[in-house]
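The data below hold one chain only, encoded as structure tokens and taken in the form predicted on its own.
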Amino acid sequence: MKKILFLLFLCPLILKAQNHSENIQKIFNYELTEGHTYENLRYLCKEIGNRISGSPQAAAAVEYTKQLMESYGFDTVYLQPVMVPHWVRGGKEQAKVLNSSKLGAVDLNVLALGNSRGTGPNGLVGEVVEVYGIEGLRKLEDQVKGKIVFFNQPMDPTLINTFQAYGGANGQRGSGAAEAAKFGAIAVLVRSLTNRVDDFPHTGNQRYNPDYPEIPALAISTKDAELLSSLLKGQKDLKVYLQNNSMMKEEVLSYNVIGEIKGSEKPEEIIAVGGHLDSWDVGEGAHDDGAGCMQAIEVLRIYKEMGWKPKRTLRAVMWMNEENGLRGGQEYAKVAKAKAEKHIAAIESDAGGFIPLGFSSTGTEAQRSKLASWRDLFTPYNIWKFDVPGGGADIGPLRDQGPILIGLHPDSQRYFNYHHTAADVFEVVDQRELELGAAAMTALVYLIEQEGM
């Protein structure tokens, strides 16, 4: 009798798992044969281009994604206002070694870091002091007064997790100028954050300390960082000329773009899936983060095309201003809290359109265990990593409201070849890898809207 009761209990579970497996296969098959993700990304990159917050291109991207979601017949598509910073690069930057005893005058490949102030039209000249990270700067203190600080800490090539390597070196970019200004430095050059030695400087956000001067901050390509370091080893009085015209302007009204399919059984429970619509002002923002935005829209499009009615409400969210302010993610969480909305999960794709390996997550033990319990449903698609901590920058502000935060976790070995550079263009995104990521996100959303969290 006990055996019969056990079988009666087990049969519905087996049937449910089989049904889930079949529907996930349908998702993958559909996306890999009839997906729109790649073509939508092409339009965003080639017809609109890079999309820094406050720019005309960012405004165009808002309108494009709004119209795109409306064309797919989502239940609701709307704009969520948010004030964003408006930083402009102000023309081409220059950097030149002036007095090398070996090479004479040498041009260096540089890009102003995000939110950097300019040198003025005449530029500035200073001797260069090389340091490795913020700790290296603090060891020198007053020795950098009146000089250009050159932060030359590389990403650790021995770390297989390239995001971990990025995090280990990112402090010098994010707060290098603020820290150097405390000791009287007149500008900073920061080694680009990539494991490759190449000619592409990588921009990225940096933050000033309001108690100290806002000095110019520029990234230097890894190839020229190696050159500058070698020249400094034989010549301590090496001088560099810097010139950039970047500036911060008045804040601008922009928008998060939100598309929604209302849940049929528990509409009050929300699953948000998205990426950030803004990008840096070089390249086309293809991997960072046009890919994530188009994958998120595809999740809801697949539901519409399949004729599926989700039990819980699905939202595709295009967050604005992740790169140099995070205003969109903060505003989204603020509005959700004010409306007492109940997010059970928030999923972000912001690690590139590469082949998916799994999902990172931040949440309670019960939430993360439930996510991990679905692992076997993904292994047929070579998606197997479910134990990685993480989530995403734009969904982070939602954490205190209780949802599990989930990040699509693709193979990241090539990501920092393109991250924040002019090389981040549509042509470096592989269609199949991008579509596999969209299918993986849709499959996970399917399980969450069916089973809850």
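Counting begins at 1, following the sequence as shown. A quick note: this is a predicted structure, and the numbers were derived from the prediction, not measured.
Separately, the form predicted together with a further copy of the same chain exists; it is not shown, and the next lines address it.
Heavy atoms of every residue among Tyr38, Arg414 and Glu433 are located within 4.5 Å of a further copy of the same chain in the predicted bound form.
Looking at 154-162, 299-307, 174-182, 333-341, the stretch with residues near a further copy of the same chain in the predicted bound form, meaning non-hydrogen atoms within 4.5 angstroms, turns out to be 154-162. For the candidate set Val125, Ala169, Ile134, Ile355, a heavy atom within 4.5 Å of a further copy of the same chain in the predicted bound form is found for exactly one residue, namely Ile355. Of the residues given (Pro380, Gly120, Gly91, Gly73), Pro380 alone sits with a heavy atom within 4.5 Å of a further copy of the same chain in the predicted bound form. Interface membership of Ala60, defined by any non-hydrogen atom within 4.5 Å of a further copy of the same chain in the predicted bound form, is ruled out. Put simply, Asn195 is close to a further copy of the same chain in the predicted bound form: some heavy atom of it is within 4.5 Å. With a 4.5 Å cutoff on heavy atoms, Gln67 does not count as touching a further copy of the same chain in the predicted bound form; it lies far away. Although the partner is absent from this view, Lys46 stays clear of a further copy of the same chain in the predicted bound form, with no non-hydrogen atom inside 4.5 angstroms. Taking a 4.5 Å heavy atom cutoff to a further copy of the same chain in the predicted bound form, none of the residues in 279-311 make contact.
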